[in-house]
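A single chain, nothing else alongside it, follows as structure tokens in the form predicted on its own.
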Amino acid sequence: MRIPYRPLAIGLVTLAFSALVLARAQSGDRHFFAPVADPVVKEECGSCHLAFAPSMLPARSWQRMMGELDKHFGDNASLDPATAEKITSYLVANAGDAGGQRYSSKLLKGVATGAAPQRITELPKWVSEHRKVPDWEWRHKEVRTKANCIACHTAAEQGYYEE
């Protein structure tokens, strides 16, 4: 009786390859941040800008930001209290310092304990990662602002920030 090694080998190779692809998809290499999964957060935050991954800021930043929606980067983004509480709870539960956020500690490295930064683009690691981008690129009509991640990182909405 002959044992069919070829199908077994093909199966093992396929399984190993799938595991490798899945691991990459889950990690996104060094620049994966789980995108917003809550539909209310996606709708309310994403109606004006990319709904940034909650893991990109510490919980205290999200609490501060949600507490100051009447002056949200120069705009009044006020919400009814119930919606604001739902969004705040989601952001805080999924914040970069909430644990289980694989790459958040790298992005938040250098942020002073107790600090509540409001701009991801001012985090020391973000600044370091983008230091070689020339000023004229930020002013390009397709970019216009450092917060427009999807202009350069086309898969940012899926959580991937590789170039």
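Numbers for residues come from their place in the sequence shown, where the first is 1. What you see is a predicted model; the values in this text were computed from it and never measured.
There is another form of the same protein, the form predicted together with ligand HEC; it is not shown, and what comes next is about it.
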Margin query: Please tell me whether the candidate spot formed by 64, 68 and 108 is one where all three residues come within 4.5 Å of ligand HEC in the model of the complex (heavy atoms).
Written below: no
Next item on the list: Report whether the minimum heavy atom distance between residue 92 and ligand HEC in the model of the complex is within 4.5 Å.
Entry: no
Note to self: Quick check on residue 154: any heavy atom within 4.5 Å of ligand HEC in the model of the complex?
What the structure shows: no
Margin query: Check residue 112 for me: does it contact ligand HEC in the model of the complex (non-hydrogen atoms, 4.5 angstroms)?
Written below: no
Check: Looking in the model of the complex, any heavy atom of residue 38 within 4.5 Å of ligand HEC?
Finding: no
Notebook entry, point to check: Can you name the residues of 62-93 that have a non-hydrogen atom within 4.5 angstroms of ligand HEC in the model of the complex?
Noted result: 62, 65, 66, 69, 72, 73, 75, 76, 77, 79, 87, 91
